[in-house]
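This document opens with one chain alone, in structure tokens, the form predicted on its own.
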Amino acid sequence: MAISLKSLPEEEFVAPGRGGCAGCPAVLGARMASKVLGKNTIQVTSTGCMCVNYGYYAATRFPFVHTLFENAGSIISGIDAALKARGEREGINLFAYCGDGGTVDIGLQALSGAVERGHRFLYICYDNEGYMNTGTQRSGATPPGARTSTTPVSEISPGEGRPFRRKKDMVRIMAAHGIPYAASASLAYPLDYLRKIKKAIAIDGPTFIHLQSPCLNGWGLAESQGVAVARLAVETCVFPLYEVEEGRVLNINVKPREKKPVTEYLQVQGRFRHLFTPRWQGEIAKFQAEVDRNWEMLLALEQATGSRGNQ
């Protein structure tokens, strides 16, 4: 599944100009996906930031379906079934591009049913770790210690996670369904992301990619910091890049030569600034311990499943 920047078409499949924030990584992720998928595509997107960006006439060169928060999985499986019934399924790339609110929380039931039924589609979750389009509320993907509008910092709470709560691991949740392919991806590693899209869309069955997509406003970042913070997430192992095939074989795609401490990732984000005060600095050690446990678990799973190793 080799892919290169030179192999991507120069043609643009999304319109210039949009309603999103300057420098928004989620927009970059959608544009990159369209370069692989091409114009023979139908996109389904649940309510969220991307409906502001691309949910208007002529914003994309392929059909775009705006769904409610809860039913992207139902809509995309219905489109798959309808195309098959009409004998028109071949040659069409069917994919969803939905936020974490519409994926890990409100839309999880519909997505679970869609993949259980075995419909053919690629589902990409752009994870900005909160309901960023409606005021920066926490979601099931919000990491511990993060300040959101619904998990404010106080004398008794460090933000999200009192008691300590882990964000939902959607790659492993989807892999547990036994689907052919589930993976995590980062905008800081574009060729890895593009390769995974190309691999996933070619599979005759449901596939899932979890794309970390920093929210500049919600995370307290400058316009130019989105990709750099995404890279730090991988280098600190806060957001490991790996793939799971047939719910069994796990392959880690990027192994940092020297794993950076989570402080390098946390300190550049406004939503974690309070963790560096005397009152809440102990939460950083908990965060680091959780990251270390998760990374060691992934390494053990890779070794146990006889993975191919890095690609």
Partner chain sequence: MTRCFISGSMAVAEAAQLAGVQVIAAYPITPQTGIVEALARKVATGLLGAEMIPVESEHSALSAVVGASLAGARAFTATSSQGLALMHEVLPYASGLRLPIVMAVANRSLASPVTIFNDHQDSLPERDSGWIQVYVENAQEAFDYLLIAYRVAEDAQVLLPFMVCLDGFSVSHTYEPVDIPAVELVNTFLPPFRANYPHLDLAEPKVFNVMAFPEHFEEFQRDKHESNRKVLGLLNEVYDHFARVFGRRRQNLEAYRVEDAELVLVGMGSMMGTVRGVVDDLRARGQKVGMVRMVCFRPLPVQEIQAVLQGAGAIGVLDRDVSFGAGGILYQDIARSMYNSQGKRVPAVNFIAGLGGRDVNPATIQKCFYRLASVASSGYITSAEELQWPDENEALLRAWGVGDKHGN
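Bear in mind that the values here come from a model prediction, so they are computed numbers and not experimental data. Under this definition, the rigid core comprises the largest set of C-alpha atoms superposing within 1.5 Å between the forms. Residue numbers count along the first chain shown, from 1.
In what follows, reference is made to the form predicted together with the partner chain, a form of this protein that is not presented.
At a distance of at most 4.5 angstroms from the partner chain in the predicted complex, none of the three residues Arg166, Met170 and Trp219 contributes a non-hydrogen atom.
This chain is displayed alone, yet in the predicted complex one of Ile42, Val262, Leu250, Val27 has a heavy atom within 4.5 Å of the partner chain; that residue is Ile42. In summary, among the residues Gln225, Ser74, Thr236, Thr151, the only one with a non-hydrogen atom within 4.5 Å of the partner chain in the predicted complex is Ser74. His119 belongs to the set of residues with a heavy atom inside 4.5 Å of the partner chain in the predicted complex.
Put simply, Thr60 is close to the partner chain in the predicted complex: some heavy atom of it is within 4.5 Å. Remark: Val268 does not count among the residues lining the partner chain in the predicted complex, judged by a heavy atom distance of 4.5 Å or less. Using a 4.5 angstroms limit between non-hydrogen atoms, Ser157 is distant from the partner chain in the predicted complex. Looking at 139 to 147, 170 to 178, 78 to 86, 95 to 103, the stretch with residues near the partner chain in the predicted complex, meaning non-hydrogen atoms within 4.5 angstroms, turns out to be 78 to 86. Looking at 94 to 122, the residues that come within 4.5 Å of the partner chain in the predicted complex, counting any heavy atom, are Gln109, Ala110, Gly113, Arg117, His119. For Ala285, the Cα coordinates differ by under 2 angstroms between this form and the one not shown after the core has been superposed. A displacement of less than 2 angstroms separates the C-alpha positions of Phe276 between this form and the one not shown, with the rigid core held in common.
Once both forms are overlaid on the rigid core, the distance between the two CA positions of Phe62 between this form and the one not shown is under 2 angstroms.
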